[in-house]
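Here you'll find one protein chain in two forms, each presented separately as structure tokens under the names structure 1 and structure 2.
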Structure 1
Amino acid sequence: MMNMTAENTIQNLTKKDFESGLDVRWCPGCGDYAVLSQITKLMPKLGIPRENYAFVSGIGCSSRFPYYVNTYGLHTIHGRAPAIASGLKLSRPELSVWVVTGDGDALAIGGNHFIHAIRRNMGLKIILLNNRIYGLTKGQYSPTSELGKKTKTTPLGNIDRPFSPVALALGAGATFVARAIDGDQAMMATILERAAKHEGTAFVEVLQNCVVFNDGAFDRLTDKATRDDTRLVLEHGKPLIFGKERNKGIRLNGMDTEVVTIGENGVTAADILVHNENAAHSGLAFSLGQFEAPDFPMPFGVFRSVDKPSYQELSRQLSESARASRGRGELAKLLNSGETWTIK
């Protein structure tokens, strides 16, 4: 119903039109700036009127995001953004609803809402800015902090095993799962655009450097000197090859995945797995989602992208068929339903 105005509002919009003009209060050098920049750059390109975007967030550094985008925005309570966004999307399916969250917000306090939004395939774009630390509360470990890590609440080292957000999302049945990193904006742009166009839940983990409390956490993934050996770029239909020499790859060994070197021990290019975003089952994507340094490269790109009906579409169909079979509900008829009797 709002599309009447689409033409005049989409016309000639630029990145600038999507910036709210409020002072951005992230620390200088924070990885969140890169994500904000890529999203505001992407929005004018999507053909969606500005007023039809809504950004919903919870609590944490990442959750300040909606204030900086000139669209409709709701900055809510810790962990609950997926639930709030679900209600909004379900009641207003024509809106493009984005959830911007963090590793604490989505995976600790909000874990339940996160997995259930994904399970339902609710049409939300969930962008998780993962810095592997609690920033706003000044430096406690998060559900993605590595084992052994020393933080203010783990002075003797972290014994809390971390989640892989990608594996968690896949385990919850996600239909679109991707990973990006703040230092590679070109790749981030591509991934965000694909996420924006996905009908069901699109989940994107963005590894993001916290300059104050976890600085350098992803250096090996961004440094020119090391990144080719530490990253595995996923491309649909292409072999899972990485390394400076482009000679390392992922091979299936029984039901497990392993890193091999092409040309060694009889391994040839034909042995390397070919990435398939649309596989019938998410098993291989799940395996990739658990890759961690130092034994494995960190995969980036789209792990999985399959088309399944979204919750809001199924809900719309239910209402439509209820109206088709019973007619549009009439209040008087409803009040007078059931067994009635008349007193004269």
Structure 2
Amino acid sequence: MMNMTAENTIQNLTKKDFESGLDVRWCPGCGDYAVLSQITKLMPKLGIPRENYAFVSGIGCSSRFPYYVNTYGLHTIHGRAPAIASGLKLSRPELSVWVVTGDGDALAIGGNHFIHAIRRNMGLKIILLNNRIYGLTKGQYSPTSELGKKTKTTPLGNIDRPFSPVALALGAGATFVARAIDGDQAMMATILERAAKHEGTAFVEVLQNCVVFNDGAFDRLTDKATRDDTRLVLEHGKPLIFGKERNKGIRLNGMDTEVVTIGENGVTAADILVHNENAAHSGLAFSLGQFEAPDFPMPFGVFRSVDKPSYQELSRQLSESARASRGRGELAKLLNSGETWTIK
């Protein structure tokens, strides 16, 4: 009877059940609203009890997220959300654990924690809201700010080469990597659902507009007049074609990728690379992750999705094997074994 009730409770959950009811303290027009809306819309569809969700964040505008979802959550310390979330997932592997972070929180002070959560293939859903600026602290440049960007801390222009979060995640061995943008709700919904169902680490970068400190950073990617020529939509098993006329594509020239026009210089549709998100190696996905204007269109969609054993599953197997061969063990015996000494 209790199980049936639980099942009915799950089935009857709605988007409203996952909204905390607290005033959302993001600036009007912030792209974070779109992500919050899509995640609260997705959660009742996953068949997971509300008490089995946990949202973990660090510091920044994006890190207010746990306050706005009606689940368990932790607002932790700058850059350390992946480490805390990893401990939670290991101790409670049945939970759906989400990390919501920003480009500064994840890639500056938190860079080390970020890459190791990716490397270990921990069963976390890491959503990085990338506005290419420090918003909460009022407009300093971040690790993703473009070269030449003038900010309060780079008044003469940024000279730091920016990270590509997607390329960084792929370089760390990620098993699921995707990119969305706040203005494309349909694509974001599909990507978030796929990420939620991935067994290991699922990393999603969401480009989102900061209306106060970096407004218009992604206009060419969202404006109807330019977006077809500046965006490359990744679809598994389909050629990498883009442009208003659908006549531009990505070709492999030796070991390099290049933009070509179908119908010019003998280029045919057969020359265009076909996207394979399940490829055994991430080389081409890594190349796509570094595409930037003006030389290349920016790719959106799933870059890579492969099945590998998750860290928490390997940890469970290791623990079971140890218990089977050595027994459950006793803490007092452990503390008094091996090399011991007396402090006088």
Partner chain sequence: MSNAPVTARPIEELESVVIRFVGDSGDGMQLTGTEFSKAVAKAGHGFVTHPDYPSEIRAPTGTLYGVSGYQIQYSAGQVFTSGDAPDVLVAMNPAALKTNLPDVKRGGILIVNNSAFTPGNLEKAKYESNPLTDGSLQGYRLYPIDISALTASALQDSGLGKKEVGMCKNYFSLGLMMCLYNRPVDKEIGDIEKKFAKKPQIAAANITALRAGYAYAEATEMFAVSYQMRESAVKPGKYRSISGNTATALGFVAASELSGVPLFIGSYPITPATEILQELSGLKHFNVTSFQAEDEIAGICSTIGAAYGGALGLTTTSGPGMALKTEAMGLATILEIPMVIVDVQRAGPCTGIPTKTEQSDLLQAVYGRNGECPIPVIAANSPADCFDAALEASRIAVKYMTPVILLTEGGIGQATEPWLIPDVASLPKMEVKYRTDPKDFKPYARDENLARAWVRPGTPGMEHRIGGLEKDFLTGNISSEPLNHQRMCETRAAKVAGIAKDFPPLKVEGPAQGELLMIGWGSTYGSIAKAWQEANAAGKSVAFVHLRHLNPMPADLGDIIGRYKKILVPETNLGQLSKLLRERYLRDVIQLNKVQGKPLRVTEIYDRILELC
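Structure 1 provides the reference sequence; residues are numbered from 1 along it. Note that the structure is predicted; figures quoted are calculated from it, not measured. Here the rigid core means the biggest group of C-alpha atoms that line up within 1.5 Å when the two forms are laid on top of each other.
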>> Only one of structures 1 and 2 is the form predicted alone; identify it.
In response: 2
>> Once the core is aligned, does E330 move its Cα by at least 2 Å between the two structures?
In response: yes
> How much does the C-alpha of E339 move between the two structures, in Å, given a rigid core overlay?
Replying inline: 11.0
